[in-house]
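The form predicted alone is given below as one chain in structure tokens.
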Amino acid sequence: MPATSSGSDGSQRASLPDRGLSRSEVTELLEKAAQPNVDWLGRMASGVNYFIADDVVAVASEAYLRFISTNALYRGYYPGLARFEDEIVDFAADIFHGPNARGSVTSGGSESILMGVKSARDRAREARPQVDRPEMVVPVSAHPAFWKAGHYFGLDVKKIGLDADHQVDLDQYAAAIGSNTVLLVGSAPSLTLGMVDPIPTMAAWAAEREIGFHVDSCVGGWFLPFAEDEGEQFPTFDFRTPGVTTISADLHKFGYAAKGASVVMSRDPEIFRHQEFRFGAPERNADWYVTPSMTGTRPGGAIAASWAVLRYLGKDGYRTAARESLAFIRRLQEGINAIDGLYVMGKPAMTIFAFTSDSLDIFAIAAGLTDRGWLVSRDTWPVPAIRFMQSLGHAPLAEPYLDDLAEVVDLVRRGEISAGEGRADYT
């Protein structure tokens, strides 16, 4: 047990021990700590991890460890790492159809979204200095990071509701755009329901006003382009769409890379320069300190792992993953819809979706599933529902899940399970 001391409030706090542990002792403690509270792969967790195959994990792990001590801030010191980041950005520009696109690797989706908002704000400061209280128009289905960005960067968020089909209310969206609007936002796909917003229509309004339009494709960015290659249809969301200025896309989600990696892409160098932070003259020589994102030090391991997985899978690997993932998820969705009283909400474009019921207590169903060992993500928006964010590694569990779901629904219908029963869910 670690040494402890008492805090001023009487709580116990860990103390750095005088004697270090042996390597085997540290390894043993690491093994214990690495055991999750839940079996994220074995029991259908939502958004905990994104598993495709053991060999992909091995490739990412080897690359991460080889570059564990590197820092992407120092491009001149680590030219190999700098090349990795440049190639990742080039790969993203390719799949997002941005021949002039520029970008950088960030620590995750929230940072990528923050940088997209910051870029739009700074671009507007230069082009429209009369705006002293900037605003962004954000659907309620968007990620909370946009509200975080508004808080950090001083933008008011104009929240837009959904229509009866759970899609963005376009009339409300258009009416919210005003003289202080500097950024419009869309999702590909939305956080809970997995639907791609009507981005061509929304982004056209940004193009007319020469303001920013950010596409949050943190979940879908490394999935939807390959699903499109496989014949899937959904609204165009990338740089083919006039008006789209920035895109966020997480490598550590359906890019299947190590945690802590995303990209934020700008349509062209002029837009990208508003993302950067530059510190130089007169305090120092020009470009003494330049960062493309929030952080200074950026761990090289996450960048190396992302590059390695991208090179290992290639477009064909991602196409196969998209095709097989959609086959599994549609089997799951069809099974849910076939159970009397349940239905999948909206028209999800990928492996994110939610299901609910108009006649049964969905949280009682969640409780019954939890008691059978399934990991259940409850949600209360836009209605009480059970939500999923699945990866290909969960495919073998579709049929066992549907079997248990059908039995639980029958028990709930007979009044044998209530929402107050069952262990707490994992959200």
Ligand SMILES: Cc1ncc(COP(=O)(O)O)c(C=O)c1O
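Note that this is a predicted model, so its numbers are computed, not measured. Residues carry their position along the shown sequence, with the first being 1.
There is also a form predicted together with the named molecule; it is not shown, and the following applies to it.
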| query | finding |
| --- | --- |
| In the model of the complex, the residue from R102, H143, R121, R323 that sits within 4.5 Å of the named molecule by heavy atoms | H143 |
| The unique member of G243, P189, P139, G301 whose heavy atoms fall within 4.5 Å of the named molecule in the model of the complex | P189 |
| Close approach of L155 to the named molecule in the model of the complex, 4.5 Å, heavy atom | no |
| Distance check, P134 to the named molecule in the model of the complex, heavy atom within 4.5 Å | no |
| Contact of Q333 with the named molecule in the model of the complex (heavy atom, 4.5 Å) | no |
| Exercise: P292 in contact with the named molecule in the model of the complex, heavy atom 4.5 Å | no |
| Which of 314 to 322, 110 to 118, 77 to 85, 233 to 241 sits within 4.5 Å of the named molecule in the model of the complex, heavy atom basis | 110 to 118 |
| Heavy atom within 4.5 Å of the named molecule in the model of the complex - qualifying residues of 251 to 271 | H252, K253 |
